[in-house]
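Quick heads-up: it's one chain on its own, the form predicted on its own, in structure tokens.
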């Protein structure tokens, strides 16, 4: 494809975009349990209006656009308050959870260069359930990862973490919650280890930062995870997840401004001028900052509590319904609006293939992630799912019965995930994933 010689009429472009979008997972009818955090239409309109109002503005230079600087400062202040930050805490907005986690790791590395200069090969402790963005960040920053196993119930094993800490450890990470099962790691125990050793502790609350505080206020039990926990030195929380902002908005927060200084990059000798950047990006889209600020102001505490209540109602309905289906189970004890559905033996019958059930559900228009070790279907539940929870469970029951009656071998994604999940040589799996990624732009872009 080449840039067209003459411009394409606007109505044709709109028609083409709609045709392209028809191949996407359906978020509009709340049949998507991943990637999109479905909320009320009025909240989306507020975010869209704010985004387009600052469509061209660039937060690269806060002196040129003081409006963006003010909105970012206020959005971070509201997020710090939500995380019970102490006086003197600080933070920055980022483009997403991956950038927030990369900056938290970069901050730890640069902090260690000053505060622990004898460390020549810095190590970070990551639970095996930690988000892959943390492993990617360690790879990019040349940090050695020490993997912490899980305890029964899928939370990080704090006792194992204590044994794994060395004099080269600079950072311990826990998740609130970890994504695969919706379980909050033992943050208080991990942070205590970090405090005893004089090192940093980051809480990855990208997923739960804008849900757990409201869940706690609604009276649900939530393990301690925020700045109220001594030893927690930084937290990441995504505004574009359960904060319902436009995509491209997260935050990384620090207990002290002095710690945040290690996040910044400064280049004072460029002929083009003095350069300082708070994060990975140079150009920072103003629309994402404006939309996050606008939604925070629009919803307020009352609005967030209402949306959290709806999401938890949907979660409770779905979890109860899943447990009532013979042969299915919920893995672990999820704290908020995320579930992992597994299968178990029923009487003399062996456990069903959960990936087959996933394929059957997808054929009915439902979309969710597929987890592994053990195999499961992962649901991220949003407020909009409250209205369709019954429909989802009815289809799930029907698909379980269809899978139970079927004598065919797994096909499609079920066969692919089953094969890749069972291979003992993970290098083969990594090569297969690289091949898949490399092939996605080889055709017409419609591969699924």
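These numbers were taken from a predicted model, which means no experiment stands behind them. Numbering follows the first chain given and starts at 1.
What comes next is about the form predicted together with a small molecule, which does not appear here.
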Going by heavy atom distances of 4.5 angstroms or less, which of 96, 186, 287, 279 would be at the interface with the small molecule in the model of the complex?
96
Scan 197, 260, 109, 131 and let me know which has any heavy atom within 4.5 Å of the small molecule in the model of the complex.
131
Heavy atoms within 4.5 Å of the small molecule in the model of the complex: which of the stretches 222-230, 174-182, 346-354, 359-367 has them?
174-182
Considering only heavy atoms, tell me if residue 206 and the small molecule come within 4.5 Å of each other in the model of the complex.
yes
Hey, in the model of the complex, is residue 72 touching the small molecule, heavy atoms inside 4.5 Å?
no
Residue 101 near the small molecule in the model of the complex, any heavy atom under 4.5 Å?
yes
